[in-house]
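Single chain ahead, by itself, as structure tokens, in the form predicted alone.
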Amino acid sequence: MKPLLGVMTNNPGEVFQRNVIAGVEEAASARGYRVRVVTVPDRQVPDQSFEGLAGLLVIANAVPDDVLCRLYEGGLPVSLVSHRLPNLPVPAVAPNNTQGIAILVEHLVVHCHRRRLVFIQGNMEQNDGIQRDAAFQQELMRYNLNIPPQYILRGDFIPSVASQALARLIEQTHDFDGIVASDFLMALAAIDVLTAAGLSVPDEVAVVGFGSGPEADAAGLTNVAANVSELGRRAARQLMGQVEGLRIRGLTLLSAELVEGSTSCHADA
């Protein structure tokens, strides 16, 4: 029987995780491995979830760190996507969050001449959300941008949360000219809120987001795109390499590139 890899996620239907899983399944199938996807609600993992696994791949922080440490120390090969285990050399693959946010802010500030920016955070309990927030703060210092604290909005990588936060801000003020969203779905939600409030995109408010997908392409969203399926393929190869006896360590970062759309200016403007 073909070796079995486990993929643990808290939401297999969410766009990012769905595409990671597709990449995992593609790479695993090419090497003769089977894949079992396990949904882990509220980070509560049943012990039987690990039965029969040759290796485990975890997306974001779906499994608590102490459980991962115990599994790794017990000899189970582990690979991570968009998460790191402190003090353990567990291999991981992630988008280059710092580079991606830097590209987005540079585009708005340098090319679009926007300086009153709103930032929509991701999930601040996940690696991507934490890193993208820190990168945005770094870019504020780079360009000497002073924005009020209320311009940092909670989004949680959930479009409805982002929409509500932006709508509340607009009730108070719309003295901003750019929005950077931690993922593209929240950026699309922000565009809907702006349009409903009578604010023109991009003339009054330019909007950019991290990541891409068919929805972003259809809306003409300016974004930075990291190949999410490739995250899954790389992580699966790391995991299969460990199962086959290789010693694999470290973090692999996938570069992000600017994809210009109609929700911001063009770089030559």
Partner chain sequence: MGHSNIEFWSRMKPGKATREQLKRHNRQLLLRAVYYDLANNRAALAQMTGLAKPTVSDLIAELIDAGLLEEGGLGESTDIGGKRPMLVRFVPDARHVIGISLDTTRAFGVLSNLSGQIIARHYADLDTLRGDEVLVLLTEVINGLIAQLDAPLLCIGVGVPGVVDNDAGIVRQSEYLGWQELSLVEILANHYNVPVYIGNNSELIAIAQFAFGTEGDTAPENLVTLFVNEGVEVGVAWQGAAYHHGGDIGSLHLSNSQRLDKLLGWEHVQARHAELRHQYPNTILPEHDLTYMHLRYGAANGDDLALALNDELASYLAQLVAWVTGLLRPDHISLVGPIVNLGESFLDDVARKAEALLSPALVQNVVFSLGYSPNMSAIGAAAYAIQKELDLI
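Computed from a prediction, not measured in an experiment: that's the story for all the values here. Residue numbers count along the first chain shown, from 1.
The following text describes the form predicted in complex with its partner chain, which does not appear among the structures shown.
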item: Full three-residue contact with its partner chain in the predicted complex, heavy atom 4.5 Å, for Ser29, Arg34 and Ser163; value: no
item: Its partner chain: the contacting residue among His113, Arg154, Arg84, His174 in the predicted complex [heavy atom, 4.5 Å]; value: Arg84
item: Stretch in contact, per heavy atom within 4.5 angstroms of its partner chain in the predicted complex, of 116 to 124, 181 to 189, 144 to 152, 195 to 203; value: 144 to 152
item: Thr252, heavy atom within 4.5 angstroms of its partner chain in the predicted complex; value: yes
item: 4.5 Å heavy atom contact, Thr222 and its partner chain in the predicted complex; value: no
item: Contact flag, Ile248 vs its partner chain in the predicted complex, heavy atom cut 4.5 Å; value: yes
